[in-house]
Ligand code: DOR
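A single chain comes next, written as structure tokens; it is the form predicted on its own.
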Amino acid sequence: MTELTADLIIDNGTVVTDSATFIASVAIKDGKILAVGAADAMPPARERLDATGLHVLPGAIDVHVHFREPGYTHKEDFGTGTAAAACGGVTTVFEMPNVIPPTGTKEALALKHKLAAEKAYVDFGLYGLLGEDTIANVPDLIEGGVIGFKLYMGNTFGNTPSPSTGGMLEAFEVVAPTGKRISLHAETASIMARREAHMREQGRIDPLAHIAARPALVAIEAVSRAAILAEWTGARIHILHISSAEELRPLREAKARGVDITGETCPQYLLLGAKDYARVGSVIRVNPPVREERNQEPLWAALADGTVDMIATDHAPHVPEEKIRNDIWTADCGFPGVETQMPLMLTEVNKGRMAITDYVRWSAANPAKIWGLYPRKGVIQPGADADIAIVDLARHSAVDDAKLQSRAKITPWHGRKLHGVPIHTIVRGRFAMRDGVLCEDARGWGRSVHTIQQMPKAEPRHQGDTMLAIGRTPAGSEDAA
């Protein structure tokens, strides 16, 4: 009988789950985790990596990135974006549809799948655009392989039109029976447009005008409205980039009513505040805006109590000349984040802000569960994909924009001290980063995760009242066939 041989064994690291830490070795074979246990219980291996003193985490799953391809590749592409992910300990990303052409047709989706498959260092999911003019394309987009849908309730980069409330309702009605989740940019477009126009007329071009144009009210209203439509239709929704304490109330209330609603926040809302506008100026502009410091503690508390389910980044790259402007309204919104998220959060672990098990829950386990990828992703256990970030919690570093993998080498994090960094990233058993250096031969190794997604059975509601249903001729009427 031939003895089983592992491809790689990670020896004696501290394995981290969403509930426990323990010293163990991890055996990997054919891209999957073969065994987790004592070093002397492991099979022979072609290669062994000594992880003594290091922590072995499930790779992070970032459900919110913009890699700008096709259409804006001077800012980023799938190669540079997923290289940044790999160097940040992120092994799966979900990429947004506001590109040129928007990912709202089967042809545009097929093109993006091709581009991603050729260049990606990490696994990926692709969002389909859900707007009033793409509702009819939902079946084609699902067949073509989307991880979920993105609907813009408010304007952001790319000026994707925001649907009316009637359009949103119809979109939710169509997606609900499919079981796919809809991610929402939950800001109310009309309020923001009116306020921004007023401030422009008054000559307000300073960075803080951006907060004034998008008060927390725009999120409160949008989250509340989206939750009501989801409750009525049975659609599954996800609130992106939660930035304010006030929007937590409608999120909590919707969860209490049984709405299938989840939410994320981002490092910029947990760690930056209005005082940082004076430090970095227009570089900090992002939608929704970085808000007053008083919002930070409620957001941390919401992560701790489960109101907010996960950490994502809204990685939104732009090159420096598009970010550094004297007029805040002309600065492109967003900045890179997929490479800095893990070290920023590990720094908070070292500060005692959270346990490392909390971080794994928010960065890997919960995203995998919510998006139908668990237990293939988000956990270190036999049978799971070998998606692993090996981190050194003792290592000190600092953010250096010039050294980022992203094409957009400008962030509000430049110079920030770090305590804890990823040093190895493994994607389905293959090194994408080793000893802090990108593994160039991993380019094109990433694959779409839509093929392994298994969402729970859909629970649509009020199907007799949908736009489709009310357009049918009533049975027994004079016009009935």
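Just count from 1 along the sequence shown to find any residue number. In this text, all values refer to a predicted model and were calculated from it rather than measured experimentally.
FYI, the form predicted together with this ligand isn't displayed, but the following is about it.
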(request) Sort through Thr347, Asn98, Asn295, Ser282 and report the residue having a heavy atom within 4.5 Å of this ligand in the predicted complex. (result) Asn98
(request) With this ligand left out of view, choose which of Cys333, Ile220, Val399, Leu169 has a non-hydrogen atom within 4.5 angstroms of it in the predicted complex. (result) Cys333
(request) Check whether Thr156 has any heavy atom within 4.5 Å of a heavy atom of this ligand in the predicted complex, and answer yes or no. (result) yes
(message) Asn287 versus this ligand, in the predicted complex: is there a non-hydrogen atom within 4.5 Å?
(response) yes
(message) Residue-level contact is defined here as any heavy atom of the residue lying within 4.5 Å of this ligand in the predicted complex; does Ala316 satisfy this criterion?
(response) yes
(request) State yes or no: in the predicted complex, is some non-hydrogen atom of His185 no more than 4.5 angstroms from a non-hydrogen atom of this ligand? (result) yes
(request) Just one of 308-316, 229-237, 244-252, 119-127 has residues with a heavy atom within 4.5 Å of this ligand in the predicted complex, so point it out. (result) 308-316
(request) For the stretch 49-67, return the residues whose heavy atoms include at least one within 4.5 Å of this ligand in the predicted complex, in the order they occur. (result) His66
